[in-house]
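First comes one chain, alone, set out as structure tokens in the form predicted alone.
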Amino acid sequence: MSPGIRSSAAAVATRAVNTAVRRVGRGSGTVAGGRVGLRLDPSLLEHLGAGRRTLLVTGTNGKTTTTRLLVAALEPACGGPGSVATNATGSNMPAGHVAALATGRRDATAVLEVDEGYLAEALVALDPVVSVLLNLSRDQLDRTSEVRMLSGRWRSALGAAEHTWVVANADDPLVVWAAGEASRVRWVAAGLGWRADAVGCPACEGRITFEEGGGDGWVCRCGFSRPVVDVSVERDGAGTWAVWRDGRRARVALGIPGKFNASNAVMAAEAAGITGVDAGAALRAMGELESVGGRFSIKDVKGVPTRLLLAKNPAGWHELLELVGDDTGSVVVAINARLADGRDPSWLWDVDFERLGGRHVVATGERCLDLAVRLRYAQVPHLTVRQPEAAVAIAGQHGGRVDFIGNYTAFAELLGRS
């Protein structure tokens, strides 16, 4: 069988299997077909990406939301809603990429979320126009690499990707190191709230010193330091703004909350700008989004209005605890420790749960007892209720909206039931 016929047959099989999976209610049909297609043709991803304008988004946190923001930014110029191929459900490994590209027009622009460990493979197979690098921090270390190892792999892969523009977070030393060998980089001051995983210098194994007083500057004694940024995120009494070095300014007004989302939107706007889309128009298009895959949405759970928030690791929890910090309502925190979450929940001790002091807190999920111990040491009064829906119902007795913050499977299960 010729390579062209093989890849065509594999693409047809991918679509057929995913359609069958959806019809029988066994999933969203975004992985199974891709696995079949790659089994039939191991080079299927390369074939599906050939001649296509592709943009990649990767990082430890914020990949799914930033991917969706970038899709929203590009759709008006590509033909409207649905005109951009993407792995919207977050299936961010090769099978998910194949499934996304096998659907729709072969010449459609693609925006793909990429798992940190698969960036090198995606760069080779897809030769993307832009790669967006959000951040790097530890996540599921029982099954993924230490972050400086990942940074080094990114660096080697990006150094060989001579046709790719890189949009990189200048405030994360590990991302800056990774992008250091890339031929074309746009640096964005996207912020780095969680710095505990970035203190070791990837250049000399010395110690990174961060600017005191909330500044974003950082430097190592070896000379490795924060680069001059091309675009920054600024906040004043009138709102949040993207500000370019050449003097351009654009307002950032999103329907989804959080400083981190505003920063991710500016990263996406810069990526869209490289493709020729006006950054201000891109940001306005992103402002129409109100939730991404259920994140930040408000659902009715057992009669209780509940805002669903996803946090998978210490860096993600840091950002979301800041987001809910000014609220006074009840909070349900949910922890599982399945394969998709990482089996080891010891990272709970790195999360500043002390910030929940004074709130009505309910601990839930399969590892609610581990969470309860951590909350006890944080001196946060709480209840422990193993079943998440029951936990929300109890939290809702205090009135008002409940914030539910869960790691991956805990969030997904409550979203599916709400």
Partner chain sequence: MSLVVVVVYPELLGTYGDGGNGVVLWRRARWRGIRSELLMASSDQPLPDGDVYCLGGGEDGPQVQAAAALRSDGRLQGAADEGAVVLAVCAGYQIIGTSFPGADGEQHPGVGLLDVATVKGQGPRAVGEVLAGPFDPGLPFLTGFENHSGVTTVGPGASPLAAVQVGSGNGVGPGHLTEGAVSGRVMGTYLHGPVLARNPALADLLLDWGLKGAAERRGQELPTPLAVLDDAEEEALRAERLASGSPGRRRSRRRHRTAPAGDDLRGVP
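Positions refer to the first chain, counted from 1. Just so it is clear, the structure is predicted and the values come from calculations on it, not from any experiment.
One more form of this protein, predicted in complex with its partner chain, exists but is not displayed; see below.
Exactly one of the stretches 259-267, 291-299, 108-116, 202-210 approaches its partner chain in the model of the complex with heavy atoms within 4.5 Å, and it is 202-210. For the marked spot (369, 377 and 390), a heavy atom within 4.5 Å of its partner chain in the model of the complex is present in each of the three residues. Using a 4.5 angstroms limit between non-hydrogen atoms, residue 360 is distant from its partner chain in the model of the complex. Interface residue remark: residue 43 is not counted as part of the site for its partner chain in the model of the complex, having no heavy atom within 4.5 Å. When its partner chain is considered in the model of the complex, residue 83 lies well away from it, no heavy atom lying within 4.5 Å. In the model of the complex, none of the heavy atoms of residue 356 sits within 4.5 Å of a heavy atom of its partner chain.
The single contact residue among 234, 230, 181, 146, judged by any heavy atom lying within 4.5 Å of its partner chain in the model of the complex, is 146.
Along 344-360, these residues reach a heavy atom to within 4.5 Å of its partner chain in the model of the complex: 344, 346, 349, 350.
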